[in-house]
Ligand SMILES: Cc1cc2nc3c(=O)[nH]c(=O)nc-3n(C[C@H](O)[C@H](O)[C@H](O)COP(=O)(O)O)c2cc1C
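Before any questions on how it binds or moves, here is one chain, the form predicted on its own, in structure tokens.
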């Protein structure tokens, strides 16, 4: 099968999913010798539906397109506030898709199968999938420095395998001239259960849904934090104020050049200690073809 284009699409508050999805998509596009398109739907303005394409989708594709689409997993699934984006933004129209998730050294649980299922529901044919480890946004002790060079090599090998699989699809595939393949088999449960329930260091439940970032006196009102918040929840009039929902993505913490943003919720910090104690080993990437 001859591709017409490859797209890297991602939700990536701190840049880990962006880096991984781009690496995979770039390699596939280079092998197929086709244009590479990028869709970054991290910020709210990229998720506004103008109703002009597909069935209300902002981003529509055709049968000879391939989309590598990725997100970090939160509590083992697609972040709940971002799930609607996977359900409304994309119209596959028979395009190929490669779902990818990143996880911070614990587990990707049902995140990958959830992305695969959403892509299949919206007109894509998933032909491969992968889960790659990246440094946990709560702690630099978990998967520190990942993805590292070993991970990058694994991504390239995965991309090579995907490109080879596409080449092996007979001409005219998926438009009635060839059998449509079953969705790629990936790790996960169907139907998908609820989100992972975090624990504190003592093993008790950890509920820190209301935790929000705080700001030190070092803040110089540069506004970078408000510009990267994926829910637009940091006030642009007062950068110390969180006016909406916080998903604990750490984008504001990571972007601040003065390290003026931080979380001090005791339950959230206890959960982080639990993760550091029990998930310090080198977690493995997993690919599915």
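Positions refer to the first chain, counted from 1. All values derive from a computational prediction rather than experimental measurement.
This next part talks about the form predicted in complex with the named molecule, which is not shown.
**Q** Since the partner isn't included here, can you check whether the named molecule sits close to all of 13, 135 and 138 in the model of the complex (heavy atom within 4.5 Å for each)?
**A** Answer is yes for this spot.
**Q** Are any of the heavy atoms in residue 75 no more than 4.5 Å from a heavy atom of the named molecule in the model of the complex?
**A** It does: once the named molecule is placed as it appears in the model of the complex, residue 75 has a heavy atom within 4.5 Å of it.
**Q** Residue 200 versus the named molecule, in the model of the complex: is there a non-hydrogen atom within 4.5 Å?
**A** Outside the cut-off, so no.
**Q** Report yes if any heavy atom of residue 86 sits within 4.5 Å of a heavy atom of the named molecule in the model of the complex; otherwise report no.
**A** No, residue 86 sits far enough from the named molecule in the model of the complex that none of its heavy atoms falls within 4.5 Å.
**Q** Answer yes if any heavy atom of residue 261 is within 4.5 Å of a heavy atom of the named molecule in the model of the complex; otherwise answer no.
**A** No, no contact at 4.5 Å.
**Q** So which of 43, 39, 247, 36 reaches within 4.5 angstroms of the named molecule in the model of the complex, heavy atom to heavy atom?
**A** Of the candidates 43, 39, 247, 36, 247 is the one lying within 4.5 Å of the named molecule in the model of the complex.
**Q** Partner absent here, but in the model of the complex, which of 158 to 166, 113 to 121, 184 to 192, 99 to 107 has residues with a heavy atom within 4.5 Å of the named molecule?
**A** Checking each option against the 4.5 Å cut-off leaves 99 to 107.
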